[in-house]
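In what follows, one protein chain appears twice in different forms, each by itself as structure tokens: structure 1 and structure 2.
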Structure 1
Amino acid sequence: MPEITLDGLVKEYGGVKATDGLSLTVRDGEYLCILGPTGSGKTTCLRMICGLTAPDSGKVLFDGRDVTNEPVSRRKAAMLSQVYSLFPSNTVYENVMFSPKIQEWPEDDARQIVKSMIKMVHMESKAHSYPRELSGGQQQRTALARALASDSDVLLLDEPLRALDARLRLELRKELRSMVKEMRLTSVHVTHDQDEALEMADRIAVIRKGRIIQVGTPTEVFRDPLTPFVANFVGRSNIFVGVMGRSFDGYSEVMMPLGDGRAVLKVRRSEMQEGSAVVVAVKIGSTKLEKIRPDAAGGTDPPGYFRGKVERILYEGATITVEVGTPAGIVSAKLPNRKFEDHAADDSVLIWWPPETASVFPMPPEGLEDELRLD
């Protein structure tokens, strides 16, 4: 299966850059998710790989071969979108037969590949059913079989699970990845759903404003974000602004204004200059709360701790989210649901986290508000 290289792709629509020097390598046989907000250039990227959209500049290469100006038919790339576009008057079998038929494959070869693809997606019992007789998941699998029956080496997935209900999406994530891996295809799956990307991808490429800003394994992107945007977009984070303090063997300190005073935040060790403006990001799942006893309401909090008051508790099944009001804004903590009875509105709590879970970044030149914006 081919390695795909995107080299400096630029595409403008009416003076607006959908991609802006986008560069990315998708490894041979890799399942790569491109993750980004709406309007970040995800679909445009897929269309340029497939050949449906020509870049204004830059190159698309398959195994080092420049295919930028080659037609769709010569790229052996199939695209599956969130709108399955099955032919309503054709059965499952006839829908999957579409590509072999228009390519004029020998009849025996066409039958064999179609039966093989229908079996691959576990639709044998529905082979003679029409789309109106299928569930959303069955329609999705039929569309996937049709895409795979084109004998493609590259599978491009444009939010293929978005139209499905939540439970079915969860079931099909593993099933879709398993089928694609079994066929050893090079796959690019675009989504705005971080959970989907984290669960399905070999690697994740985070895209923003038409540029790839970080590529790594799900663990790397989640735990070691390169920018405040990535920290907040891939796994919800609490964001704080402060001034870089001293560094020690296992951690650094950040001084954060807090009401009439300040709090000392402990973060992972950083070499940033003392006194420089910084942004701290802590995943809400790493944020810890300790209830303050009434007889310990006064006093000075130790470094790494600051205080707040519980405003509300959101029950989410396996977890709860506790929202705490502080002079620095709302701080959220995601906790196991067994902690539901441990907290109540108006409780005073200490907020802290393990220093290694707190990422620290230089203050973005354009300002924090613009850095975190999703457009």
Structure 2
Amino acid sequence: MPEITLDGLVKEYGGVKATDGLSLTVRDGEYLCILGPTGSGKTTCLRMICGLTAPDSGKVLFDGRDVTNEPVSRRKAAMLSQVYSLFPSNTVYENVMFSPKIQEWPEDDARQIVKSMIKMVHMESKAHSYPRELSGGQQQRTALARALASDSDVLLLDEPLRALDARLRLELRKELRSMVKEMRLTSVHVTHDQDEALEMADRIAVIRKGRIIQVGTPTEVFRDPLTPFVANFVGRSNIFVGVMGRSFDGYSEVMMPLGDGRAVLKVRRSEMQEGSAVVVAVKIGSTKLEKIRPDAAGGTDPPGYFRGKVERILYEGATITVEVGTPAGIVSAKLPNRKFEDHAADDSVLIWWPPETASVFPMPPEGLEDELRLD
């Protein structure tokens, strides 16, 4: 299976750049998720890999071979579209048979492959049904079988789970990934759903405004984001603005103005210059709360702690999210639901986190608001 290299792809639509010098390497047999908000150029990127869209400049390479000008039909890069696009006048069997027939494979081989693909996606009992008679999940699996039966080397998945019910979407994540991995195809999966990317991908490429910002394993991207945007988009974060302070063994300090005074935040050790403006991001799941007993009120908080007042508690099933009002804005903490009884609105709490869970970035030149915008 080929290694895909995208080299400086640019595509403009009426003056708007859908991709702006996009470069990315997808390894042989890898399941890569391109994760980005709506309109970030994900789908354009996918269409350029299979040739449905021609880049204005830049190259697409399969195993080092330039395929930029190769027609779609010869690239062996099958697309699984978000609406499945099962051909409405064909049965499940005929849909899966489409590619073998078009490519004029020997009939016996074709029949065998089609049958095994239909079996693999558990659609034997529906082989002679028409697409409109199938449920969303069945349509999705048929589309997958059709793509897998095409002898493609590359599988492109354009938000393949988007049109499904929430529950089914969760169930199909594992199933889809394992079936694709079994075929050892080089796969690119485009999604705006960070949970989906985290759960399914070998590696995640975060895309924004037509450029890849960070590529890494789900853990890397989640734990060690490269920019405040990635920190906030892949798993929600609490974001703070402050000034770089001194560094110690294992952590650095950031001074954050808070009301009339200031708070000292402890963050992962950083080499950034003391006194420079910085942005701190802490995943809401890493944010901890400590209830202050009424009699312990007053006094200054130790470094790494600052206080706020609980405003709301959202019960989400396995977790709860506690929203705490502070002079620096609302701070959210995602806690296990057994903590539900521990907090109540109007409680005073101390906010803290393990320093190694707090990422620190230089203040982006266009300003923080622009950096965090989801478009």
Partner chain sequence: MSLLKKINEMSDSRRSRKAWFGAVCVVFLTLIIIPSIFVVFRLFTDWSSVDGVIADGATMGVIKGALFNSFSIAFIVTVIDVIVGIPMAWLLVRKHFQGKRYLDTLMDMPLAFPTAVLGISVVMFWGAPEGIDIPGLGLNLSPYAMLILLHTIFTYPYMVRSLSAILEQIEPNYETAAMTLSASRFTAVRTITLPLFRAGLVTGFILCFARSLSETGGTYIALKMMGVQSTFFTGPTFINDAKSLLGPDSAMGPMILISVLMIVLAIALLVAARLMMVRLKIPTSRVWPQFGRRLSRGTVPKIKDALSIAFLLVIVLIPSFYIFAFLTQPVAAVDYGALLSSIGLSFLVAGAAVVFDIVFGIPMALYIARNRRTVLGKMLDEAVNVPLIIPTTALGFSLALFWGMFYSGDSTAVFTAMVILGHISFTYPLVVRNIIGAVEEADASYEEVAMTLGAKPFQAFSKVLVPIIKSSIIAGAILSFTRSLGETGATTSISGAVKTVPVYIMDLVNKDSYAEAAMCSIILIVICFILIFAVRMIINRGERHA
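Just so we're clear, the structure is a prediction, and the values are computed from it rather than from any experiment. Structure 1 provides the reference sequence; residues are numbered from 1 along it. Here the rigid core means the biggest group of C-alpha atoms that line up within 1.5 Å when the two forms are laid on top of each other.
Visitor: If only one of the two is the form predicted together with the partner chain, which is it?
Guide: Number 2 is right.
Visitor: If I superpose the two forms on their rigid core, does the C-alpha of residue 87 end up displaced by 2 Å or more between structures 1 and 2?
Guide: After core superposition, the C-alpha of residue 87 moves 2 Å or more between structures 1 and 2.
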